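For reference, the chain that follows is the form predicted alone, supplied as structure tokens.
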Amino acid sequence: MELDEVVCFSRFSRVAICGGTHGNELSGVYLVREMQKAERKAKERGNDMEVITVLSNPRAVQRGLRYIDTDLNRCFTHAMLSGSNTNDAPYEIIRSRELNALLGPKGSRDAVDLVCDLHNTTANMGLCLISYSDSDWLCLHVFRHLQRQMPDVPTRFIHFNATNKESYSLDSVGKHGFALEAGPQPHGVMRSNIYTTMKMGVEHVLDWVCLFNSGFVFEGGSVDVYTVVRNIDYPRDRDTHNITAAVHPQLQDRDFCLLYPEDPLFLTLSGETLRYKGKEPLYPFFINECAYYEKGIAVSLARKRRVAIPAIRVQTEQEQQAKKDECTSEEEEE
């Protein structure tokens, strides 16, 4: 693909804004509730675009918990979604299939055009878009738009490298999707500045979609992408599996600041400094994330690279019809 080539995409007809996938991450919970109060206004953003607002895990929200039985945001692999419900199935498994029916089915032409799933982190990460693709030009253009519209907010793009079948979070149900992560905010707590940042981010996302649908041509360029390399767990006791060290104070709250080999990484409970033994400098994030203690993750590490993105625009009606005819011909041949 030539970088000066304009890439065309189908018009957005349905966009989903989801909050409360984790019931104790309150910015998304309250933002979705506010949007549902003003649902008519949200739908009036564009005559040809429907904004669907979803409270993803209502039982967990009601109880103020991250989840009831299992992490809902790990329940959207093809294998989990294609299983059958049983009487003893975890609540979140059943709920993931309900959400897949509402917003998907995942991987199909009937899926919503974009899923924006709202999350909070206790880590000092600012505003992050998290996606499974580093070549979804639509999501990367949304990201660049947010950076331009919110210059005072540190905004970054995190890439988890996984196939569509292996992708496990709610945002993977849509044709395009990302998690919008805002922090730092303690779980079960609302901070007005973090809520405002998330609200502004969602408004700019929807504004971008409307601008795209109007026929605006978004110029090409480049953006920085952080691709996850690996996770590091806390040092733990062999017998009890209890942690024996905390994140070092020189690393704490320094998300996306380069971590070099031999930099302090952990401080043991007896006061010893444990250093980073990696062979290359990497960018840490989700540093000391509260919810990741159970997942065995003290810090995630990523490489940063510059990704070129082409100019994009919406398809014309003639182009859309030609694409539909092509898809129909392919289905008939099969």
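From 1 onward, residues are counted along the sequence shown. As the structure is a computational prediction, the values presented were derived from the model and not from experiment.
Another form exists, predicted in complex with a further copy of the same chain; not displayed. Remarks below refer to it.
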Heavy atom within 4.5 Å of a further copy of the same chain in the model of the complex: which of V307, I297, L267, I52?
L267
Contacting member of R59, R275, R303, R33, with respect to a further copy of the same chain in the model of the complex [4.5 Å, heavy atom]:
R33
Decide yes or no: are V6, S133 and E219 jointly within 4.5 Å of a further copy of the same chain in the model of the complex, with each residue judged by its heavy atoms?
no
Taking heavy atoms and a 4.5 Å cut-off, does P90 contact a further copy of the same chain in the model of the complex?
no
a further copy of the same chain contact at G215 in the model of the complex, heavy atom, 4.5 Å:
no
In the model of the complex, is there a heavy atom of a further copy of the same chain that lies within 4.5 Å of any heavy atom of D263, even though the partner is absent here?
no
Within a 4.5 Å heavy atom cut-off, is D253 in contact with a further copy of the same chain in the model of the complex?
yes
Tell me which of 191-199, 175-183, 225-233, 77-85 has residues with heavy atoms within 4.5 angstroms of a further copy of the same chain in the model of the complex?
191-199
Going through 230-269 from first to last, which residues have a non-hydrogen atom within 4.5 Å of a further copy of the same chain in the model of the complex?
N242, I243, A246, V247, P249, Q252, D253, L267, L269
